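Read the single chain below, which is given as structure tokens and is the form predicted on its own.
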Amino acid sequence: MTATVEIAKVTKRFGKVEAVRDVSFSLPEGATIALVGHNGAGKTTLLKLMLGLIRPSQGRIAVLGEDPAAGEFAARRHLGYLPENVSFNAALTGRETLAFYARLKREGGDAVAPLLERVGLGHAADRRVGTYSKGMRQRLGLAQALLGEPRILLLDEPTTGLDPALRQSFYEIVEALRRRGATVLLSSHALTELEERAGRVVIMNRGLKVADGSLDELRHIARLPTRIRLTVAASGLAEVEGRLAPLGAWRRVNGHMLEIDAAPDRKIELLRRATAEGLPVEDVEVAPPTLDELYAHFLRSQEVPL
């Protein structure tokens, strides 16, 4: 799979502060990647480096084969960027604002109206941006990021201010772009959203990359337990509890459930024994470690000294 972004041993210093330290990874086309980390982890610095807004202190970055910090960064036309905090001229209308950005990207004005409809702003296209709510400004920011069907989409906290319906619509737009071959990089604190949509996760901590892989790969590395929950008929709870007690520390939940945290090498055995014929088990839920849990694990286990 062709890499659209390549970052090789990149360090970025601001005075004595190293915002990014010796980071390397590549981003393939047709993929959605989550970039996660606490405030100050280096996420926004990496986005600015990819955009060519700042230069690395050390290392090399290539975006669509070009150096983004070079004077003539032609590939910028193929990038879409949504910053964490969008800001537009309050006196302009939504239509005028998007037309301005279309001219900057050398896109025809015929793309403006369809994009505004696409992000749910068709009805407010001729209202001044100063009258827009936070969510509406966020949608306008997304529209400008989508101008020109970008090959690389860099999104920093993209769903801030969006209601659930619009959040779903946003991810449908992003998925459509990915299917057409775009690289989508999502930087967000909304880990539950990312867990459902990102094929790969890059975790940053204090400027260092501390984990990188698919959810399954990160789960394999972390070796965190899987939560198994059994729904048991009330009349058979004592029987099931007694027969499963030798297998580990089962606990009661909500009065009619039994739950255990299963180590990776015991998960199959526990499931087999818990669902053995004759036990009055009505339902089984298996919950692997979430992205929230993996994120906390990697920050704890790979803490970077100051």
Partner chain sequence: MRTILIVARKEIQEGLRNRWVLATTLLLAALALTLTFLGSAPTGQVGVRALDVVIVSLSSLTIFLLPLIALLISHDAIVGEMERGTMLLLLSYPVARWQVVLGKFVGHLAILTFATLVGYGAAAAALVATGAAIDPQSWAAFAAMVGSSVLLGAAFIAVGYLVSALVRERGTAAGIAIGIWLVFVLIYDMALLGVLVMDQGQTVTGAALNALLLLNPTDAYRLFNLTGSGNVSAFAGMAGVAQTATLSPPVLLAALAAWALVPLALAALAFSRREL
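Residue numbers count along the first chain shown, from 1. None of these values were measured; they are calculated from a predicted model.
Just so you know, the form predicted together with its partner chain exists too; it's not on screen, but the next bit is about it.
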item	value
Heavy atom contact within 4.5 Å of its partner chain in the predicted bound form, the stretch among 144-152, 227-235, 159-167, 182-190	144-152
Candidate spot R219, H256 and T290, all three touching its partner chain in the predicted bound form (heavy atom, 4.5 Å)	no
Residue (of R197, R223, K134, R77) lying close to its partner chain in the predicted bound form, criterion heavy atoms within 4.5 Å	R77
Heavy atom within 4.5 Å of its partner chain in the predicted bound form - residue from R243, R55, K267, R60	R55
Proximity of H123 to its partner chain in the predicted bound form, heavy atoms at 4.5 Å	no
Contact test in the predicted bound form: E96 vs its partner chain, heavy atoms, 4.5 Å	yes
Its partner chain contact at L104 in the predicted bound form, heavy atom, 4.5 Å	yes
Its partner chain contact at G207 in the predicted bound form, heavy atom, 4.5 Å	no
Contacts with its partner chain in the predicted bound form, stretch 77-99 (heavy atom within 4.5 Å)	R77, Y81, P83, V86, S87, F88, N89, A91, L92, T93, E96
